[in-house]
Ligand code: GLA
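In structure tokens, one chain follows: the form predicted on its own.
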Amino acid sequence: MSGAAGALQARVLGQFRASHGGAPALVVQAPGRVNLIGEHTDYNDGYVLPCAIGYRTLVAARPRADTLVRVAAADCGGAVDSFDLADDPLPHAAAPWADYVRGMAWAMRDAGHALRGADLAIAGDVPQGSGLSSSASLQVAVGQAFKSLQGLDALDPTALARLAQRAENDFVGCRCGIMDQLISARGVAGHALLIDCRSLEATPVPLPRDVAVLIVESRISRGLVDSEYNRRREQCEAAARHCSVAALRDLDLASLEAGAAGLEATTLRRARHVVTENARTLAAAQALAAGDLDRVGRLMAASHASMRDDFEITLPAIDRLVDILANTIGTAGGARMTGGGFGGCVVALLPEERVEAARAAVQAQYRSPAGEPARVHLCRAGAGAGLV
């Protein structure tokens, strides 16, 4: 166990003892993720290419004999939320973090799982508000805890991911796609997953051994529920209706342009991003599997340009950060914004031998609008949710 992993586990166990007394019955984990390419394609039934990362949410859990759930958050000063699974409807919590926990319990109960009460403690190291899916990591970890406590073996990782997505869509109120939850539940160590967000088929794509995944936090926070995320989804759905298809996944660029007459110009640009991003994602999976980092880099650059110009979800500081990384990496990889947009993180794929040069360039040349330096994380593709 790495030093960071050991410290995180010690923190969640300490919070459990402080809040509930004694030791938990088990500890589970669910990772955050970084999406290498395929942005805002998931809720359009398209393709994405994420990998799970080493930053995780841990949940220490012990069953109760009643229907009460008591959950303590180590990352919020030990704040405790309590709710009763027998309440119908299940009320929302005052604290945002607690609403994600309640939402997952609500989704599992609503799906017919007769949950019993539990004492829970939560601790995580997934950076929040940075586009690395801390919320999905939290929800999948809570679901994994209930699953493990109650022996819900029929609840496979894909079903768990679907419930976590429903919790975020219908309880929390963010109309996200399935990618974040699915990669957190199904990640494969050493691999990205090419996910078909319609069929939920997931194909592992090996990352070359000498290739690093660099995640750079811009230090610009964003909140999906309060941002333009839901508006972008509405525009994509409007474009699909205009073109008489179930989702933008069903169009290529030629068919989109052929059916664009009468489509509002901004909505057309949104659709063009999604349609071309699907094609780029499929091509990037092939290139990555072949070890062709030059082509992967060109596809990542085109993805970022499309997010900037057609989908309009980047910011000048994010564009600057991508340029710094791309200029340092050259043709041996690439960089792009990752996540929902309007801040968050940039992801870069590059040879390990160029990591320190990239780190130095970012530290020397980038500051956020508030004057803060970026945070740089060197990551490895990790496994999905499970027992610790």
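The first residue of the sequence shown is number 1, and the count goes up from there. Keep in mind the model is a prediction, meaning the values are calculated, not measured.
Heads up, the form predicted in complex with the named molecule isn't pictured, but that's what we're talking about next.
Q: Given the named molecule in the predicted complex, answer whether the residues Y43, G177 and G340 all have a heavy atom inside 4.5 Å of it.
A: Yes, the whole candidate spot contacts the named molecule.
Q: Since only the chain is shown here, I'm wondering whether Y229 would be in contact with the named molecule in the predicted complex (any heavy atom pair within 4.5 Å).
A: Yes, Y229 sits close enough to the named molecule in the predicted complex that at least one of its heavy atoms falls within 4.5 Å.
Q: Do G334 and the named molecule come within 4.5 Å of each other in the predicted complex, heavy atoms counted?
A: No - in the predicted complex, heavy atoms of G334 and the named molecule never come within 4.5 Å of each other.
Q: Since only the chain is shown here, I'm wondering whether G344 would be in contact with the named molecule in the predicted complex (any heavy atom pair within 4.5 Å).
A: Flag for G344 set to no.
Q: Is G38 a contact residue for the named molecule in the predicted complex, using a 4.5 Å heavy atom cut-off?
A: Contact check for G38: yes, within 4.5 Å of the named molecule in the predicted complex.
Q: Exactly one stretch in 156-164, 177-185, 209-217, 240-248 has heavy atoms within 4.5 Å of the named molecule in the predicted complex; which is it?
A: The contacting stretch here is 177-185.
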